[in-house]
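One chain follows as structure tokens, the form predicted on its own.
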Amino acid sequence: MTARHVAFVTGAGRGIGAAIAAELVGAGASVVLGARTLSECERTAEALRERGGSAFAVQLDVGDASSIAVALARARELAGPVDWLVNNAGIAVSAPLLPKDGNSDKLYERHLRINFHGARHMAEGLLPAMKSAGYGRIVNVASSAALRGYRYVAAYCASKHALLGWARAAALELDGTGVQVATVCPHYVDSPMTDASARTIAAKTGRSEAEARALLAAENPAGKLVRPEQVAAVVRALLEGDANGAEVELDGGAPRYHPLPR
């Protein structure tokens, strides 16, 4: 099967990223999976190839600009020019607004470096070629934390707000070039990141992990966790479509599309 597009998915070794990679292989794209843990990407890519897909694994630390440059060059060697980018990699570390040691700079710097600057650097590495070709799609997997605040994750919220603000500005500036930017904002997803949050809640409250997961699911407006496959389907629709600047909120029910604020 000849790939119609070449997609690069960050944070693709497991969870939401792996689901997105599988969805895009199903769409006929050749997919490059990148993450810090190369072995996870290799296992996921191998499974996709066994299903007849075109998938490649590369080492990638989105918090390191030099790692991004190497990974993008390697992706081009393996699969060709990337015209679909999915910025999915991210971190979420819980902490009180005022840490006990009085120093929150490292926490904020780390979240911004990975969740915001990492996605921005990925996009900036591909935008010149996309603009020259007159076609490209960038989808950022942000979070409902880009739309609202949550207790004990101020740094995470700040980084996701920054990512959404960048995406809005980029969509406006790229309008008419053939390159489009869109953002997916899931609430709590049934993913390893939510599992980690549940473990933290359980450790601090004495609840079981199952009870903690139920609490997180209840926080979603639809009362249940978002499935990774739901996120993947929306990402595919945005990549294949023409909804520049779209912001899609996923709360466990039907996707809610918001047009680009102007």
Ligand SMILES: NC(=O)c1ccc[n+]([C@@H]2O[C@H](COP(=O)([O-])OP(=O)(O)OC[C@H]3O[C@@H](n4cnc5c(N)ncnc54)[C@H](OP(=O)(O)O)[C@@H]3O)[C@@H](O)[C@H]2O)c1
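In case it trips you up, residue 1 is the first one in the sequence shown, and so on. Keep in mind it's a predicted model, so treat the numbers as computed, not measured.
Missing here is the form predicted together with the ligand; even so, the following discussion is about that form.
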Touches the ligand in the model of the complex: Glu209 (any heavy atom, 4.5 Å): no
Close approach of Val32 to the ligand in the model of the complex, 4.5 Å, heavy atom: no
Contact test in the model of the complex: Ala12 vs the ligand, heavy atoms, 4.5 Å: yes
Ile114: touches the ligand in the model of the complex, heavy atom cutoff 4.5 angstroms: yes
The ligand: the contacting residue among Arg43, Lys224, Arg227, Arg36 in the model of the complex [heavy atom, 4.5 Å]: Arg36
The single option of His121, His161, Arg137, His187 touching the ligand in the model of the complex, heavy atom within 4.5 Å: His187
Site check Asp61, Tyr156 and Thr194: each within 4.5 Å of the ligand in the model of the complex by heavy atom: yes
Contact segment among 69 to 77, 97 to 105, 123 to 131, 82 to 90, judged by heavy atoms lying within 4.5 Å of the ligand in the model of the complex: 82 to 90
Residues of 133 to 164 having any heavy atom within 4.5 Å of the ligand in the model of the complex, listed in sequence order: Val141, Ala142, Ser143, Tyr156, Lys160
